[in-house]
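Both blocks below hold the same protein chain, though in two forms, and each is given as structure tokens: structure 1 and structure 2.
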Structure 1
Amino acid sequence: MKFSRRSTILGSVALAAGSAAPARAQLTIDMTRPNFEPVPIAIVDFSGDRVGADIAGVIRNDLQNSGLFRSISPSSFIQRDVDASAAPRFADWRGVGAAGLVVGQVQQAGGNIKVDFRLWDVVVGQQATGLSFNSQPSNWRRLAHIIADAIYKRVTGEEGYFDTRVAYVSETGPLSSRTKRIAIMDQDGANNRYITDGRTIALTPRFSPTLQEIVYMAYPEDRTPPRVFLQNVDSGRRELLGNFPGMSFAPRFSPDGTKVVMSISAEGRTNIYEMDVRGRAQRRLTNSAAIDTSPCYSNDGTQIVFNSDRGGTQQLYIMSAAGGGERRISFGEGRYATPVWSPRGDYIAFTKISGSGFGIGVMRTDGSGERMLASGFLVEGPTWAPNGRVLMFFRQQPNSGGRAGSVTLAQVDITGRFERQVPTPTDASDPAWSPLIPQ
């Protein structure tokens, strides 16, 4: 998708001026504080075109679902005649408890739509930010996500993550004989579509860091070794990356997209290998009699985290991306699996199995500061949002007989305070979050 974007006004003085009203909610939030409160924000339906209400609805949903904003119900609004091009009646918005106000308008522009929005700092009485976009009418939902990202960044100081996609494994049929297809959707569950047809079992989708492509593993019907495919999610163009006997997870890309790392079992050993995507040349990185698996590159590509039972139990280790220098970083009770390095480089997320329960946690890259964010009957497979402040994973609930039941996707923020279920049309597992979509 191509569209043009231009910045209109940036109110960089809004937060400094906000100190004049310390008793009111501020249009800022510090996610590192242990007891922050969601920012109350009012979002008015955009004027000028009927799609304006839809745009405002997506923005409300994005911000509310982040757990960092509290969307004020439109039924409580005092000012009803909001002019998107003029200053609002700030006293009316303070009266409903809003710290921020989002207004906008949609205009037809030669077959395209022109969307303008403004974020007002109600406490200070100044505009905080504003943007203008020109795009095809069919792109209205993406524009709404991009506006929500701009608001998120202005209020939190962090990059947004709403203009992204999620690939996952769609599961249908009885638990003993499931049909597993790769599906892809917007991060909020909209625009769901399938990119494999279900005739083969497709598993473990992973996004390329440089393009809107995914790599996934498929088991052919003739029971030949698993094949790994690279597929463009927009054009549908697919190419065979290789046949890898003994592999149980699709490879993960290096940050520059030129290499992939994977675990392969051969002659009773499971070791980690690196492959050049273009030349297809392979190189073994570990040489262990243990099971080394689930490798993931660091955000700068210089290290690899993986799990191994070389010490007697399944734990997390870090080594050089060239191989060697392995060191253990997990020392808590239980077993550790599926480590994933944060895009920011500050945390490693993991699955932890302790007793009869599962959990999703994070630790610093030296193993310190371990924190559990979610737990349950079966929770597994964390994946990071591109801003490194939100995780998605899958959760399986027990049925009435105490056995495995439905499988759903869930999302939790880095503090562990806010968890929600992500809507999918079928059972869903093994999510993979995309980078921000190119504009």
Structure 2
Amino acid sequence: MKFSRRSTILGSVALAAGSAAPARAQLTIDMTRPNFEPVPIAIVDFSGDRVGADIAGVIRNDLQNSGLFRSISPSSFIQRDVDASAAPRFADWRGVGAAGLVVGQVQQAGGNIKVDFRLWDVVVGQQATGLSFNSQPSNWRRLAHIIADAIYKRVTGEEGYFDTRVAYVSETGPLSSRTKRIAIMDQDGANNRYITDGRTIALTPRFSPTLQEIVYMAYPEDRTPPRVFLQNVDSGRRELLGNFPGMSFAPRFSPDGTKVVMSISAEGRTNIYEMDVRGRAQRRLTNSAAIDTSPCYSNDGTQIVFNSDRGGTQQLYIMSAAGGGERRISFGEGRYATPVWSPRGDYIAFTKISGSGFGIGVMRTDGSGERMLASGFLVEGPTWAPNGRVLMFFRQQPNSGGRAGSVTLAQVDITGRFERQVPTPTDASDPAWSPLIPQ
């Protein structure tokens, strides 16, 4: 998929800001402050082509779902004749309470579409950002996500995460014979497709850094111990990753994609191994009689965080990526599990199990500053958005009357302030958030 992308130098239309605006929302937000107010933003249907309204719809949905924006309903807009290539009537947009205004147009360009957009700072009365893209018409959803990312970045100062995918486990059927298969969808739930056939249970998918491959655990046949598989997402070609005696599971790519770290169980002991993806050389990284599992590389690839019950209960430990130097970092009450290192390196997110139930939390990488972001009967398996500011996890309700409780994906921002359910076609668990899709 190829995009040509250039920032348009749209001569800043310095319409005088005019009368001093009353104290109102700004077109900036500091999302690390827990008391931020969502930025009110008006997104006009893009002009020039029928797909323009669809593009605007995807952008509205992305921004609204981030919890950082409030998308103003188009039915309340005052200026109906806004021209994508000229300055808007700022007073009309202040009148509907907007801090930002997004306009754009779509043009046919020799089989491709050319999409321009501008973000206007309504408060100040000038353009905040503007971009132009060329792409195949079928890429319109991605273009919309890329534009939403640009708006998010301009307003928050953080990289966006809308042009991403999520791999997860689709769950259907009764608990006694539940089908669990790997699916991949866009971050907003569109373009859902299945990666495994559901004949046997498949769990814990994780993306390679290029998104071209996933690793996951599956039972090769019924009653055959689970193995780790490497699968090309587009071709569907899959291969066994290592042929260890016993069970191999809990795989995860290194940040550079050259290695996969995983757990191997045999004779009641579970240790962590790394495997070179190309040469298939394997190396043992831990050597304990305990359960060492759920390994995850640090963002720079030099360390691995994992959970182990070597001290009696499940706790988080960090070691060198080459093995050795193991040290415990979790010391709160309860059991800690499924640690995941933030792509920006500042936090480790985890699942915590205590008397009161399950929780999703974050701590600094030295174990300090623990904060819980979500809790429930069963919440598990956090995964980071590529900007390290949003987490996805799964939430399971209690089973009752022989029926499985619902299992859904949820996302929460790093302040724990805004949680929402992520739509999926079926019950869903084990989300894995991809990096930004390469452009």
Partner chain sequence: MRTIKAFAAIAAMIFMAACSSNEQQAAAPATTTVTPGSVADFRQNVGDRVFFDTDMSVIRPDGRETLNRQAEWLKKYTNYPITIEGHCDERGTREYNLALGERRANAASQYLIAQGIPAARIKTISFGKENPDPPGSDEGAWARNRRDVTALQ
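Throughout, residue numbering runs from 1 along the sequence of structure 1. If you superpose the two forms and keep the largest set of C-alpha atoms that fall within 1.5 Å, you have the rigid core. Please read these numbers as outputs of a predicted model, since none were measured by experiment.
S.K.: Mind telling me which structure is the form predicted on its own?
M.R.: Only structure 1 matches the form predicted on its own.
S.K.: Tell me, please, whether between the two structures the C-alpha of L211 is shifted by 2 Å or more, with the rigid core used for superposition.
M.R.: Where the cores coincide, L211 still shows a C-alpha shift between the two structures that is 2 Å or more.
S.K.: Indicate whether N191 shows a C-alpha shift of 2 Å or more between the two structures, with the rigid core used for the fit.
M.R.: No, the C-alpha moves less than 2 Å.
S.K.: Taking the rigid core as reference, does the Cα of D234 move 2 Å or more between the two structures?
M.R.: Shift of 2 Å or more: yes.
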